[in-house]
Each structure stands twice: as structure tokens, then as C-alpha cells.
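As a starting point, one isolated chain is supplied in C-alpha cells, in the form predicted alone.
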């Protein structure tokens, strides 16, 4: 992992994505539509993660899982943004989420190895996120000749106490729920068919 706000260049090449899924934009639109309708499962993931952490997380959720200090990549897209900017912003968001989910999943496998439902939710979300990143990679490459994007990653939880790992996980998941709900409202008009 890297520290908050640090960036890594993610090399991208069209040659790696010759088999471009034509439905890439449709897949993205469908996912964001589900988010807008409240069907992305973010709240369920957060609740599931919280349930497995025990006390004091169950009784002091708002205090311990307050995401106000959690780093998240800035999402500077609005209704007048160009489609290219929108695709790059989505890529940055999903790259960040993928790294964060990796941290949370690793921690939960260590802290709650028998929490099958939670681990399954985390693994499925990671798979979905990777699929969306793959679609975005293809679209950026094919439509805009963008082969690399500067991405930011959150803080790694490696070496932290069990309490801090649990707290960071619930803060990031709560922030995730907030950010994607806001992003969906802005992004959907950009993803509508012409």
C-alpha cells in the first residue's frame, strides 16, 4: 500500500485489451443505474462488516466509523464535464476502491476468517470493481487513446492494531457508500445513450 494521496502511474496499453467488450459503456451504465436505485449493496456491505467487528463498533458506529478524515480521491465531475473527464474520474475512483477493498478483505480474512457472508460480499465487490476497471481501461484506450492514468491509493492498514484495522475498514466502507451515491447522480446523465 501507499500513503494517503500518493499516486502511482498505472500503465495501460490497448494491446492488452484487444478483446474489447462492446458493451463496456452499457455495463458501466447498468452498474451506476443500480447504484442510483440503491441496489449496489454498499449499505449491506457496511452493515455486514460492522456486524462482524463486535463491540464497541456495534454500539458506537457513528463515532468510530465517521469517515470525515478518510482520504478519497477528489471526484471533480459535473453535468457539463466532457465524457473523457468522466471516464478518467471513474477509473481513478474504481482503482482507489479496488485497492481499499483489497486492504479491507485482507484484514477481515485475518480478523474474521469465519465471517463467510462478509468475505463473500467483499470478494464479489472486488470482482465487480475489477470488471469495471477493465471496461474503463478498454474505453479510455479505444475512445480516447489514454494508456495511463495517475491514480491515488488510500492508506494501507498493514502493521496496524486489530482495532485500527476494524476502524479503518468501517470508515472506508461508510465513505464508499456516500461517495458512490453522490457519483451516481452526476455520472448517469453522462452515460445515457446518445
Partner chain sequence: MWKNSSLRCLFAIAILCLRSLIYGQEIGSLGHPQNLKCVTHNLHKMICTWDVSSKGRHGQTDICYTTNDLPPPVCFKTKEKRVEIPVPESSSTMTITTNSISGTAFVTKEFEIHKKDISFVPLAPRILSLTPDFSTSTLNLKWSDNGSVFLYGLDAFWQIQILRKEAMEKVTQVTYYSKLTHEDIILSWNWTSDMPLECTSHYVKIRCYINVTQFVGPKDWSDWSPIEEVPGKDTEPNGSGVFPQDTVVAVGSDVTICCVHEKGQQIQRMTYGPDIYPMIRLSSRSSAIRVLNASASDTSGTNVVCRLSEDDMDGTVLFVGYAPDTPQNLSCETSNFLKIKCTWKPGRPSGLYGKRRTKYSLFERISGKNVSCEVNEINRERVCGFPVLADQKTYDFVLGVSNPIGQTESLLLVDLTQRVHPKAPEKLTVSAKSSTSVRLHWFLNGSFAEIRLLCQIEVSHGHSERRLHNVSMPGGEFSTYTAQLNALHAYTKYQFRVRCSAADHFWRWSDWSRIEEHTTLEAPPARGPDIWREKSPSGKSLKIFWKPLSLSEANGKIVSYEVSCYLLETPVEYKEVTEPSNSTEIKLGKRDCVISVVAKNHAGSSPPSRITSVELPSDNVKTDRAVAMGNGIYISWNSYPNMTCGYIVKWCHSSGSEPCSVDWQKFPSNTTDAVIKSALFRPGVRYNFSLYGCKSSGYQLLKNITGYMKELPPKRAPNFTVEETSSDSILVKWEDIPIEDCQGFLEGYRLSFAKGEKDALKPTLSESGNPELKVKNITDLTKKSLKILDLQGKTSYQLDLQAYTAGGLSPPNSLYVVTKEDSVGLIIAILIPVAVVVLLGVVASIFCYRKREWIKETFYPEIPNPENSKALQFQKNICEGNKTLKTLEMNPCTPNSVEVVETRSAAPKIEDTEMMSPAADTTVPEDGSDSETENHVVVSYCPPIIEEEISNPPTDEPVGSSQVVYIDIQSMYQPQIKPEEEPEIDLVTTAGYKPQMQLPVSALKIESCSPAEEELDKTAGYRPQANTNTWNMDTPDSPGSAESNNENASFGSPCSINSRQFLLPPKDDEDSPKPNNAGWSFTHFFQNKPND
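Note that the coordinates shown come from a computational prediction; the quantities given were computed from them, not determined experimentally. Positions refer to the first chain, counted from 1.
The form predicted together with its partner chain exists for this protein as well; it is not shown, and the discussion that follows is about that form.
- Proximity of residue 135 to its partner chain in the model of the complex falls outside the 4.5 Å heavy atom cutoff.
- The closest heavy atom approach of residue 111 to its partner chain in the model of the complex falls within 4.5 Å.
- The closest heavy atom approach of residue 163 to its partner chain in the model of the complex falls within 4.5 Å.
- In the model of the complex, its partner chain sits within 4.5 Å of a heavy atom belonging to residue 60.
- Annotated contact segment (heavy atom within 4.5 Å of its partner chain in the model of the complex): 49 to 57, selected among 123 to 131, 150 to 158, 137 to 145, 49 to 57.
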